[in-house]
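Just the one chain here, the form predicted on its own, laid out as structure tokens.
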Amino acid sequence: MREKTIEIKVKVFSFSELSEEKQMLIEKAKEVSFGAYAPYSQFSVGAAVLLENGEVVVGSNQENVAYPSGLCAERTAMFAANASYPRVAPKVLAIVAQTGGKFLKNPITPCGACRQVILETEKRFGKEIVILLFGEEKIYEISSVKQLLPLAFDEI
């Protein structure tokens, strides 16, 4: 038997340490989180995708009483970006969460399904997507979803 250790690299920033471009993207994700449809969980998530052409595409979580028919903010934004700009690669994905109008102190990470969709988008364009995970007290920056999904389901 062999044992393997998997490590991930995460950069930790305060909001003011981010570039203006990344601050703007987080602000867009914050704005769209207030349009989330989350009557069951009261947990509103916003996502904003910055594309290589400078366009920003947003998404928020959309719940449904017939669980699991809803959709996460990350997939909503990624699918909208891929549908609207099928030949333009995403550069950065920002994710925020709030409940009761208050943003969480610590960042949240995408669920497994969202991680898989982000991975597929990286594969589609052959480019890594920087992921910003916002929390009021700190922001995580991850260079690629591969850092969050090191043992990904992939084609055989």
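Numbering starts at 1 and runs along the sequence shown. Please read these numbers as outputs of a predicted model, since none were measured by experiment.
Keep in mind that the form predicted in complex with a small molecule is missing from the display, and what follows is about it.
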Check your understanding: Exactly one of 118, 45, 49, 131 has a non-hydrogen atom within 4.5 Å of the small molecule in the predicted complex; which residue is it?
Key -> 45
Practice item. Look at the candidate spot formed by 23, 53 and 93 and say whether the small molecule comes within 4.5 Å of a heavy atom in all three of them in the predicted complex. Key: no
Review point. Do residue 41 and the small molecule share at least one heavy atom pair within 4.5 Å in the predicted complex?
Key: yes
**Study point:** residue 78, heavy atom within 4.5 angstroms of the small molecule in the predicted complex
**Key:** no
Practice item. Indicate whether residue 113 is a 4.5 Å heavy atom neighbour of the small molecule in the predicted complex. Key: no
Point to revise | in the predicted complex, residue 122 touching the small molecule (heavy atom, 4.5 Å) | key: no
**Study point:** Interface stretch in the predicted complex with the small molecule - options 123 to 131, 65 to 73, 84 to 92, 24 to 32, non-hydrogen atom within 4.5 Å
**Key:** 65 to 73
